[in-house]
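This document opens with one chain alone, in structure tokens, the form predicted on its own.
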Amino acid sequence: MIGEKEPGGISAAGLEVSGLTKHYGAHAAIQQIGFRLERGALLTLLGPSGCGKTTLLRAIGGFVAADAGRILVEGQDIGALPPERRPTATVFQGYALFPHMSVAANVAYGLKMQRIPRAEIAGRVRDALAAVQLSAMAERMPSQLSGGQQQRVALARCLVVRPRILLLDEPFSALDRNLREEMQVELRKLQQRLGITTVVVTHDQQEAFILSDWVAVMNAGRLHQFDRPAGVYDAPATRFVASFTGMTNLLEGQAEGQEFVVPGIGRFPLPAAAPPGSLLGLRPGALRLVEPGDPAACAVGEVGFVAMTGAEALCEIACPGGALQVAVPRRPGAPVTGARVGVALAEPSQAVVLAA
């Protein structure tokens, strides 16, 4: 839980969720979800398909009726309000633009439904389009726009109603990788400039780390960790969080003094005491390759597979008791399949002790 009380007892939280639960028959889509998000922060709900993150987002927006729990926006309980009366606005995956309306008309639609005076609508639409850098395209039709431009129209349509909470459900899923990465940065800059409390659903850990002030990692309807991006990456709270965020080396063994012994693989220095039954988590980038006889080697094995991942190569090192994945810089003389190598920790503090 984060956020404090302001003077006078008014909640400083932009969004507070407590005990939120939703069942579909015997299936619990979300179970006892709770967190507190300060005003103006951006939270990503991160997890695999079917983990409950979209159900949680839709419950906040009022499109799903929760079975139990509370949803407060700036101290106001909105749980009983229908979607149109909640101080929220949602950008859905498909953008849901009206194909027969111009960009300006799409953005103005929500204000017309609220019976806002025409003169005020024109000014607010103009400001919203300027915020997403689409002023020159006000009269274009959706079919004349790129995917990234359509995404920005959908965002402008939400911004124009001046929500206190902005909800985005996989907003970049329909975009190609280059445009998706560009739009992630643009959204983050816009959100920071406007200061709107925002919740984004994604299954992409890199996207979550780029966008977020806070990350909520979910699986099977439960919240596994609510933390800063660095906390999720550096100190995953559960085995699931570690695995989902790319900690591919999860080693079973036992602590012996200041070392963690993994049968058939090797001995690794511990950054802290490890209770019985622990796992040792090592990201590929926390390891480096050395000569088999190097005193720093924690394990020795054979290069079984090498894959290029861009600036790095991912090497799978086969040891008698299992395999280790090691990320190394791509350069001349990089290891080749069949080579015998040692594996050392690049930095002992990057080893993470996890509950089994």
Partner chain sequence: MKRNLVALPAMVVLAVLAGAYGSFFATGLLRQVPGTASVAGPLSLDNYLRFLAGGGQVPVFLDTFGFAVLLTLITALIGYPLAYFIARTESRFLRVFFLAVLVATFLSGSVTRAYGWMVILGNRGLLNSLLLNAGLIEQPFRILYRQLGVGIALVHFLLPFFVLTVVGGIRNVPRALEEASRDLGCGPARTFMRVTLPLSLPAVAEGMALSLALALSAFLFPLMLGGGRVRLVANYIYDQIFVAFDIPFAAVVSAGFLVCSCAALLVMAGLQRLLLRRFATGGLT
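In this text the structure is predicted, and so the values were computed from the model without any measurement. Residue numbers count along the first chain shown, from 1.
Same protein, other form: the form predicted together with the partner chain, not shown, and the subject of what follows.
Contact check at 4.5 Å (heavy atoms) against the partner chain in the predicted complex: all three of G94, G110 and M113 pass. Proximity to the partner chain in the predicted complex, defined as a heavy atom within 4.5 Å, holds among R39, R288, R36, R58 only for R58. Residue-level contacts in the predicted complex: of V261, L179, L250, M101, one residue has a heavy atom within 4.5 Å of the partner chain, and it is M101. Although the partner is absent from this view, T90 contacts the partner chain in the predicted complex, with a non-hydrogen atom inside 4.5 angstroms. Contact check for R157: a non-hydrogen atom falls within 4.5 Å of the partner chain in the predicted complex. For the chain shown alone, P269 is not a contact residue for the partner chain in the predicted complex, no non-hydrogen atom being within 4.5 angstroms. At the 4.5 Å threshold, heavy atoms of D234 stay clear of the partner chain in the predicted complex, well away from it. Of the candidate stretches 113-121, 276-284, 239-247, 182-190, only 113-121 has residues with heavy atoms within 4.5 Å of the partner chain in the predicted complex.
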